[in-house]
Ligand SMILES: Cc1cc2nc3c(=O)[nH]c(=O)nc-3n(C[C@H](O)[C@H](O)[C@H](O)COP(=O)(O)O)c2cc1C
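Before any questions on binding or motion, here is one chain by itself as structure tokens, the form predicted on its own.
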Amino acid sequence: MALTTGFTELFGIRHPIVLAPMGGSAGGALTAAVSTGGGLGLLGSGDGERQWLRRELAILTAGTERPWGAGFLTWAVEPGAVDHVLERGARAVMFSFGDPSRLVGPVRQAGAALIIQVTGLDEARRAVDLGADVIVAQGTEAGGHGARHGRSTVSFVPLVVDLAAPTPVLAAGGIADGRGVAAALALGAAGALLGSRFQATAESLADPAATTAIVAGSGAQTERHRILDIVRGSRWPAQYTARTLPHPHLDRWRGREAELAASTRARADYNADVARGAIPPLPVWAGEAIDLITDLPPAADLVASLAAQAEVALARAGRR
């Protein structure tokens, strides 16, 4: 059976599977591969740094003729970056973490789909009020940044589905195989947005040490915190914590966040460790489902296998 949903019909794509727009991982090659494979690739555009965008958009537009989009950090991006991806042909723009009200105008004017990620019901109501074409409901199992006081995917997604109907909702957080995609559909979502699983693919921009750690790691090792944002001097708003794998500076400062924030030496020590190769350039963002990630496949093949696994899982559940 084909997994046709309101989301797949909106974009004319084969599979209700979406690449999370992960900064540092979801570059042009990965985005193109996911779209070519029948899903929707979203470029991890972050704050919209223009040189990076130009380079990765050139790779992306040369790599696929299928629909694709771009994702931005709402609190960090300038509207000009949104215009830039729309001019290059983005069919969708996703905003995450913050109030995107100031940014939706160019998306509407271009006729592109507006995707808004939410981490709580207040954010979901705002997304509905803004007229989002698609809403991503992110549970706390997700790797990388998310709500400090969020909800689990399995309890959060149905609430957003009911609140937003008939707007299509994508489930995010703790989904790394076709059974997770099937579960998202069973919860009422119109598809699934995956991050960690696509981070560990052949086309990912992630540091090889990070992808190796994801394949070898366990969800039980992941931890949600702000420590690595503080020690890196990151501007991430305090209401968003990040789920990562273990890290020496996390061990060093756990439970001492106030002391860390006041330290004049901590950031210098961190940068020195990066410079001498003792730690990777970025933390290893990883979700709770990484136990299911055991290889580094081409992303287009992964999209097809996820969809096939989801179909089998749904058929099996129906027989039972």
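Counting begins at 1, following the sequence as shown. This one's a predicted model, so the numbers in the text were calculated from it and none came from an experiment.
Below, we turn to the form predicted in complex with the ligand, even though it does not appear here.
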Query - All of G23, G174 and G195 with a heavy atom within 4.5 Å of the ligand in the predicted complex - result: yes
Query - Sole residue of A81, L73, L245, I135 within 4.5 Å of the ligand in the predicted complex, by heavy atom - result: L73
Query - the ligand: the contacting residue among T222, T201, T241, S96 in the predicted complex [heavy atom, 4.5 Å] - result: S96
Query raised in the report: Is E123 close enough to the ligand in the predicted complex to count, meaning some heavy atom within 4.5 Å?
Result: no
Query raised in the report: Hey, in the predicted complex, does A142 get a heavy atom within 4.5 angstroms of the ligand?
Result: yes
Requested in this report: Answer with yes or no whether G287 is in contact with the ligand in the predicted complex, where contact means some heavy atom within 4.5 Å.
Outcome: yes
Query raised in the report: So which stretch, 107-115, 125-133, 143-151, 158-166, is the one near the ligand in the predicted complex (non-hydrogen atoms, 4.5 Å)?
Result: 143-151
